[in-house]
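Shown next as C-alpha cells: one chain only, the form predicted on its own.
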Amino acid sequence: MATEQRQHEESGDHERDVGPFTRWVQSSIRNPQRAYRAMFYVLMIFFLLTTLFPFYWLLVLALTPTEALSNIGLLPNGFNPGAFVDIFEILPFHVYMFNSFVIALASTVMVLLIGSLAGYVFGRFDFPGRGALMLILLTISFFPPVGFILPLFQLFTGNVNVLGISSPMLFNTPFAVLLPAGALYMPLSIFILTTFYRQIPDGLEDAARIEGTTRIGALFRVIIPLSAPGVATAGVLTFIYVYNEFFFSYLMTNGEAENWAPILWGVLGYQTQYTAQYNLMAAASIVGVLPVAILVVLAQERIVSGLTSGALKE
C-alpha cells in the first residue's frame, strides 16, 4: 500500500515538472476522445471563420452608408437597409439574376443529359481503354479557361469558316456562357454519375430489358431513378459552378442585361471608372447568392433522402 502511494506521488510530481503541452498530450493519450473533441472544435471554428465571416463582412458593407465607408470597423458604421432596394432601382439587377438562373439551369440539363449517357457507357460497359479515356476526360476539366478563350471567341463571333460556312454568332447569347462552362464541368459530372451507375445491380437492368425496354429506356426508367443521389449531386454542383462562373460570363457578353449578361455584370455595374459604390456591390452580392444558398439547403435533404431510400440489395 505504501509502495503504490509513493508511486502515485512520484507520478504526480513528474506531471507537475513537465509543461502544459506535454501534460495535454499525455492526457490525450489516456483519453483519445478528448483529443478528437478538441480537433473537432478547432476545425469547426476554422470553417466558420473562413466561410461565414465573408458573408458577415458583406452584410456590414451593405448596411453602411456610402459616406461612412472610410471609417468602417467590424460593426456597420450606421444602418442603411435601403441599399437592398437601391440595387434594383439603379440597375435591373433582377434581370441579371434571371439571366444567370436560366444559363445555369440550361447548363445543368445539358450536363445531366449528356453526362448520363456517357456515365452509362463508362459504368455499365467494359471496353478497352476505358480507364485511360476517363483519365483524359478528368484532365480536360482541370484545363484553365484562359486556354480556350481565343478559339472560342473566334468561334462564337462568327469568324471561323469551314468549307465556306461561317460559325454562328453566339456572342451576347446564353450559349456563349453555358456551352463552354458546361463542357468544362461535364467530365467531373460524368465521373460522379459513372460511380453511381456502376453500383446498380445488373439484375435490375436485365429485368427491364426482358420486359422489352431498350438500353436508353432502362437508363431513364431504372438506372437514373435508382441513382438519385448521384444525379442530384452532379446537378447541384453544375448549377452552382455555372451560376458563379466568372471567366466566360465576363468575356462572352458586353454587360447589358438585355444581352443575357449574367449576375457578375450586375454586381460590377455599381462600379464606374471614377467611383465604386461598395455598399451596393455588397448588397447585390448577398441578394445574388441567396438562390444558391436556398438550393444547397434543399438539395441536402434530397440527397440524404435519396441515400436512405435508394439502398439496393441484389
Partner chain sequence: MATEEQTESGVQRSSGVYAGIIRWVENLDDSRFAYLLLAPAFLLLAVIVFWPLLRTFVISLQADSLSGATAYGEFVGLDNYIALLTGQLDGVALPSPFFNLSQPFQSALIVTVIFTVVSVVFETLLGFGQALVLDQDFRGRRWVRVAIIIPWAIPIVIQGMIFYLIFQPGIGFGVDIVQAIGFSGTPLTDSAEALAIITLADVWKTTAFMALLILAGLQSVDRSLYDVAKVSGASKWQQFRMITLPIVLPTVLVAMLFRTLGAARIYGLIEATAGCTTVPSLSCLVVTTFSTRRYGTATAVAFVTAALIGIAAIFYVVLFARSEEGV
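Rigid core here is just the name for the largest C-alpha set that superposes within 1.5 Å across the two forms. Residue numbers count along the first chain shown, from 1. Predicted model, so just to flag it, every value in this text is computed and none were measured.
Beyond what is shown, the protein has a form predicted in complex with its partner chain; the following relates to that form.
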Exercise for the section: Kindly confirm or deny that L112, I192 and I200 each have some heavy atom within 4.5 angstroms of its partner chain in the model of the complex. Expected result: no
Practice task
Please pick, from A183, L91, A106, A232, the one residue with any non-hydrogen atom lying within 4.5 angstroms of its partner chain in the model of the complex.
Solution key: A183
Handout entry: F196, F84, F171, F122 - the one with a heavy atom within 4.5 Å of its partner chain in the model of the complex
Key = F122
Handout entry: Contact test in the model of the complex: F143 vs its partner chain, heavy atoms, 4.5 Å
Key = yes
Handout entry: Any non-hydrogen atom of N80 within 4.5 angstroms of its partner chain in the model of the complex
Key = no
Practice task
Evaluate L152 for contact with its partner chain in the model of the complex, applying a 4.5 angstroms cut-off between non-hydrogen atoms, and reply yes or no.
Solution key: yes
Handout entry: I29, heavy atom within 4.5 angstroms of its partner chain in the model of the complex
Key = no
Practice task
Verify the C-alpha shift of T64 between the shown form and the other one: is it 2 Å or more after superposing the core?
Solution key: yes
Exercise for the section: Answer yes if the Cα of Y36 shifts by 2 angstroms or more between the shown form and the other one on a rigid-core superposition, and no otherwise. Expected result: yes
